[in-house]
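Just one chain follows, in the form predicted alone, and it is written as structure tokens.
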Amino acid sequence: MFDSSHIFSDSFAHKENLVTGIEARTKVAFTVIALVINLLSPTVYTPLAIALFCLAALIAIGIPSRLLVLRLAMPLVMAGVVVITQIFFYGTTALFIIPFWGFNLVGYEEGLARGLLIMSRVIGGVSLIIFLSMSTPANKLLLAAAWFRVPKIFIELTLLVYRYIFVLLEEIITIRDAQRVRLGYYNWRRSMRSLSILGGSLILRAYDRAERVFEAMIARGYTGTMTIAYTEHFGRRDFVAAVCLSAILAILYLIGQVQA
């Protein structure tokens, strides 16, 4: 059964399977190179092939398709808006004309083609990010980033932000449940008042928690930097996975070149 709590969690990334077993640095490199190929593709075929590969791999390891649709919903809405704007504001070859309040809205063939290309790139890029985030635990991603020489300040901030996003979500759920018990959302006016109280309480609790977390870190010897080191070794299995992913990248690149 689908659990909505998995929308913002990485619980699937901690399960043992073929995809999650791939070494984090390999998946990061694959994702970055695939993103470049996706953005430089002259046709829609490569981005769509990337999206199909990523979504098929995630479904194969047991991630519910409904969860994937929910994560893709907002990017698809934004991409749809881009398609509509491109149709009416880009191009010279008229595809259709719609009378609207005394004006003629002209849809252009070049705009449709460009809009679909942008939309496919959005779908491909988002699918890659979902593939990486849902198959790799956050701690391994941050360790891989340290291995790639990402500045430590960004890694530390990302670690703290990622950890306390879920803490604040728990605070929101607790406050909202307490308000519901007291009929805080009985009508529109009370709902607006409850939401304002929830927002104010959340800000105060976040500030208070930040103070307590900083004091706890100082008490444990925090001096401004954390010790972050990648200790996993690149074995034979990881080498095989890297070769297979490299072959997939080559195929995805060739798909766009052949169709172009």
Partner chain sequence: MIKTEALSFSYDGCTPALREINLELRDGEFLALLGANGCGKTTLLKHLNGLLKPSSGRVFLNGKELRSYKDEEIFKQVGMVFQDPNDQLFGATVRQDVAFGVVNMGLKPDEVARTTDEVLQLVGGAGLPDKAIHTLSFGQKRRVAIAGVLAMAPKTILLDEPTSSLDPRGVSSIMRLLRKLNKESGTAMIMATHDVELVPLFSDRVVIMSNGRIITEGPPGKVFADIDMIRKAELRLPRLAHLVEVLQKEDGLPFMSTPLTIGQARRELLSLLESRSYQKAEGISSHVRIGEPADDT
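Numbering follows the first chain given and starts at 1. Take the two forms, superpose them, and find the largest set of C-alpha atoms that agree within 1.5 Å; that set is the rigid core. Bear in mind that the values here come from a model prediction, so they are computed numbers and not experimental data.
We do not show the form predicted in complex with the partner chain, though everything after this point is about it.
- Though the partner chain is absent from this view, in the predicted complex it lies within 4.5 Å of a heavy atom of just one residue from V69, A60, I218, L52, which is I218.
- Within 4.5 Å of some heavy atom of the partner chain in the predicted complex lies at least one heavy atom of H14.
- Taking non-hydrogen atoms only, A94 never approaches the partner chain to within 4.5 angstroms in the predicted complex.
- In the predicted complex, at least one heavy atom of I175 sits within 4.5 Å of a heavy atom of the partner chain.
- Residue contact with the partner chain in the predicted complex: S194 places a heavy atom within 4.5 Å of it.
- Contacts between stretch 176 to 191 and the partner chain, counted in the predicted complex as any heavy atom lying within 4.5 Å, involve D177, A178, Q179, R180, V181, R182, L183, G184, Y186, R190, listed in sequence order.
- Core-superposed comparison between this form and the one not shown: CA of S201 displaced by 2 Å or more.
- Superposed on the core, the two forms differ at A178: its CA moves 2 Å or more between this form and the one not shown.
- A displacement of less than 2 angstroms separates the C-alpha positions of L40 between this form and the one not shown, with the rigid core held in common.
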